[in-house]
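Here you get one chain, nothing else, as C-alpha cells; it is the form predicted alone.
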C-alpha cells in the first residue's frame, strides 16, 4: 500500500511539475514514479509493490494471450463438423492459498472459453473444473496449473516443485 501511495504521489508531483493536470500527464507521472520506485526499492521500501505490480502486468499479458488462443480454439471447434470436444470434469489440487487468490483463479478459468470452474471442496484445497477440447485429464490439469502458475507471483506465493497431478 505504501508503494502505491508513493506512486500516486509521484504522479501528482509530476503533474504539478509540468503544469498540466490531465490523464496523459498523470499516466506519464505514474510510469515515471514507478520507474523511480523500481530503481530504489530498498531505500523507499517498495520492493514488494514493484514485484506485485510487475506480476500483475505479466498476468494481464498472460491472460490476454490465453484468452485469444482459447477463443480461436473454440471458434475452430464450432466450424468443424465433428469437433473433438472430449468434455470432462477434473479435480485440481490447489497450491494457491487465500479466498481472493482462489476466486481469481476460478474466475480466470471460467472466463476462458472451453473451461468452467465448478467449485471447491469444503477445505478449499481442490478446484473442480469442466473442460472441453483437451485429450486427457492430465492436459486439463496442466491448463489449470498454467493459470495458477501465472497467479502465484501476484499473491507473493511461490510454486513449489511438486508432484504432477
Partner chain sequence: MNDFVPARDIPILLGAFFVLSAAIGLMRFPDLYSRLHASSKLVTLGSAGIFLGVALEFAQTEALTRLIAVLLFQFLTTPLSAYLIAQAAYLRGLRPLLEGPDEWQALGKAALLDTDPNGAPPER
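Residue numbers count along the first chain shown, from 1. Because the structure is predicted, anything quoted here is derived from the model rather than measured.
In what follows, reference is made to the form predicted in complex with its partner chain, a form of this protein that is not presented.
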May I ask you to check whether residue 49 falls inside a 4.5 Å heavy atom distance of its partner chain in the predicted complex?
-> no
Does residue 38 make contact with its partner chain in the predicted complex, using a 4.5 Å heavy atom cut-off? no
Open item on the list: in the predicted complex, does residue 62 come within 4.5 Å of its partner chain, counting heavy atoms only?
Closed with: no
*Applying a 4.5 Å heavy atom distance criterion, does residue 58 contact its partner chain in the predicted complex?*
no
Open item on the list: For its partner chain, considered in the predicted complex: do all three of 111, 117 and 141 come within 4.5 Å of it, counting heavy atoms only?
Closed with: yes
